[in-house]
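Encoded as structure tokens, the following chain is the form predicted on its own, with no partner shown.
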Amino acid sequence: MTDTISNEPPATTGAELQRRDLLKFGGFGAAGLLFGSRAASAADLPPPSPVDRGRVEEGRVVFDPWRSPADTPSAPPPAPLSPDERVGFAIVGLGRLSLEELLPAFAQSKKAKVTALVSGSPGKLRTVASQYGIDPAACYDYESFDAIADNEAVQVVYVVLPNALHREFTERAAKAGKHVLCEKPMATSVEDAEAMVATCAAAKVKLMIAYRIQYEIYNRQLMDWVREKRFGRLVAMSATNVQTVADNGAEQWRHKRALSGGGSLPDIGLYCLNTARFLTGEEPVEVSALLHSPPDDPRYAEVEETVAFRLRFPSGFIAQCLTSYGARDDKHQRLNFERASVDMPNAYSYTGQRLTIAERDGDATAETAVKLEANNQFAAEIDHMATCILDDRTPRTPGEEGVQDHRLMEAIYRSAETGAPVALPAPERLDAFRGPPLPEDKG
């Protein structure tokens, strides 16, 4: 039998014809027909809904929720000031903190900008000014710093120098008519810290100390829980801030008492001390301390390695604190309440904060991880200072807050030297050395 060759097309089922027709018109379904035919104009499409479009209120773009209440709402869109409205900052000192953290943080700032730089290293000054677009005429060395008085683009001087230089440049900035944001610790002694406050007051300029933890979102949440007694009374706290030092540490300025004023206590232990104070709003009425430095280690010929100290507060709350240059990096705090414990790794780090709550859940113990939208601590504190300038407010962490920490650190050293607790007066109100609470910053 011979096969027959036909010119007729093969038989086609209805389903195959349907597929071919759809492909001919550009694909399956309405989307295929739409995109395969022509591009739609805006007039052919439904208009955006109010949920998608948003609206403007008081100079801000506002959106209604687009997710159901089951989901965590997204943060509102930022509302940064225009460049011309932002507060101008001069950065004094171009060391690691300025270059690694502060200058990059200005990119996340909503109210501030860098308008001047000050450094004793000409090559570094030129390089950084070029990287950040700073006018060479707004670059100063330490000798010519006072000329900043004539620079109207600078409203705030941010002092980021070794501790012993804080007083000099704070006072020079104040006399130049500039407000001051000063790194912690504020100085190297109570006397110098008090003089800084007096000079700024006489010059009628604002003085803020850069306690970044008080502007960090997780620690602020913890403060709210403490003060509203969400888990009952706060009974105790353990706070650890330790890190190691390179073998050449003796050459670093932090290990020269004339520049630093002390070792691990004023450098990193201060975070434990200040955080215990700001979480509760109370001030210690007694401190006790132990101090240790490895013998014959040149890194600790002038400053201490390790300090363990205890703070007792009027409410009965007790904080156990440890700081050291000799233990691997750990920046952790735990709060023990009547009805819960709250664990916070990386409490004093630049990033990576977390909160875990352990509490009863029926006949079991539940651990709840709290996730917040982290903020840049440095940008937050910079913007707070800018807000204080724009709105004529007293900073939340003014010079008086720094003075109090110096009083307490001197008491800690005194207790470690004598082996006896040191009693301290208790202020009559909470937050005795702080400015008003943080405003509900918009943007």
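Everything quoted here is computed from the prediction, not taken from an experiment. We number the residues from 1 along the sequence you see.
In what follows, reference is made to the form predicted together with a small molecule, a form of this protein that is not presented.
Taking a 4.5 Å heavy atom cutoff to the small molecule in the predicted bound form, the contact residue among K124, K110, H292, R310 is K124. Between the options Y140, F317, Y271, Y218, the residue in contact with the small molecule in the predicted bound form by a heavy atom within 4.5 angstroms is Y271. Mapping the unseen interface onto this chain, A153 falls outside it, with no heavy atom inside 4.5 Å of the small molecule in the predicted bound form.
Although the partner is absent from this view, V342 stays clear of the small molecule in the predicted bound form, with no non-hydrogen atom inside 4.5 angstroms. In the predicted bound form, L161 approaches the small molecule with a heavy atom inside 4.5 Å.
The closest non-hydrogen atom of G262 lies beyond 4.5 Å of the small molecule in the predicted bound form.
Comparing 231 to 239, 366 to 374, 191 to 199, 153 to 161 against the small molecule in the predicted bound form, the single stretch with non-hydrogen atoms within 4.5 angstroms of it is 153 to 161.
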